[in-house]
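One chain is shown next in structure tokens, namely the form predicted alone.
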């Protein structure tokens, strides 16, 4: 019991230091991009030696994985909270946009340009699948009567990305359309490509959403 008590403060300290390292990592990503992430630079900012910091993260990829895992978990939780409160597809869309605007760097780490040489572990894919499952449920609940399209036949035999969800092909197509178009608008907005064009990005987002859902937002 005494040993357990002795470990608790050390574990709290370790958790605190790891959290501080991740905060510095986000700041570094915001200023120079994920590809420039450097544990040695973070160690210098924290007044630590490089080897000391490597006791908390095994390397750059280990730290990057932790950041990506946190980001995916945050979005998955946001989606589940929205769905649990009765939000439909429109509610999920606005939850996605609010989440993205809250921290654009977090968004781009997930959906921006891949970091050269980095490959996320399988558990990150599992969290991403949770997000897609919530989206597929919302699309299935829309009760739209889409006519079958040529792409539906292809989706019938190419549905691995749906991770076993039983939705029929038109629902899968609706989910893909939602996912790609919402992310397309968000990526352009967050990257500043709408700046100076003179229109309201939020209203454009709503317009795209209305077309996807077949109703008002």
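Positions refer to the first chain, counted from 1. Keep in mind that this is a model prediction, so the values were computed, not measured.
Keep in mind that the form predicted together with a further copy of the same chain is missing from the display, and what follows is about it.
Partner-contacting position among 177, 41, 167, 48 - heavy atom within 4.5 Å of a further copy of the same chain in the predicted complex: Here the answer is residue option 177.
message: Check for me whether a further copy of the same chain, as it appears in the predicted complex, comes within 4.5 angstroms of all of 23, 99 and 138 - heavy atoms only.
response: Judged in the predicted complex, none of 23, 99 and 138 sits within 4.5 Å of a further copy of the same chain.
message: Contact with a further copy of the same chain in the predicted complex for residue 154, defined as at least one heavy atom pair within 4.5 Å: yes or no?
response: Yes, residue 154 sits close enough to a further copy of the same chain in the predicted complex that at least one of its heavy atoms falls within 4.5 Å.
query: With a 4.5 Å heavy atom cut-off, would you call residue 112 a contact of a further copy of the same chain in the predicted complex?
result: Yes - in the predicted complex, heavy atoms of residue 112 and a further copy of the same chain come within 4.5 Å of each other.
message: Considering non-hydrogen atoms and a 4.5 Å limit, does a further copy of the same chain approach residue 79 in the predicted complex?
response: Contact with a further copy of the same chain, no.
task: Examine residue 158 and determine whether its closest non-hydrogen atom to a further copy of the same chain in the predicted complex is within 4.5 angstroms.
output: Judged by the heavy-atom cut-off of 4.5 Å, residue 158 is in contact with a further copy of the same chain in the predicted complex.
- prompt: Using a 4.5 Å cut-off on heavy atoms, which residues of 13-40 contact a further copy of the same chain in the predicted complex?
  reply: Heavy-atom contacts to a further copy of the same chain in the predicted complex: 29, 30, 31, 32, 33, 35.
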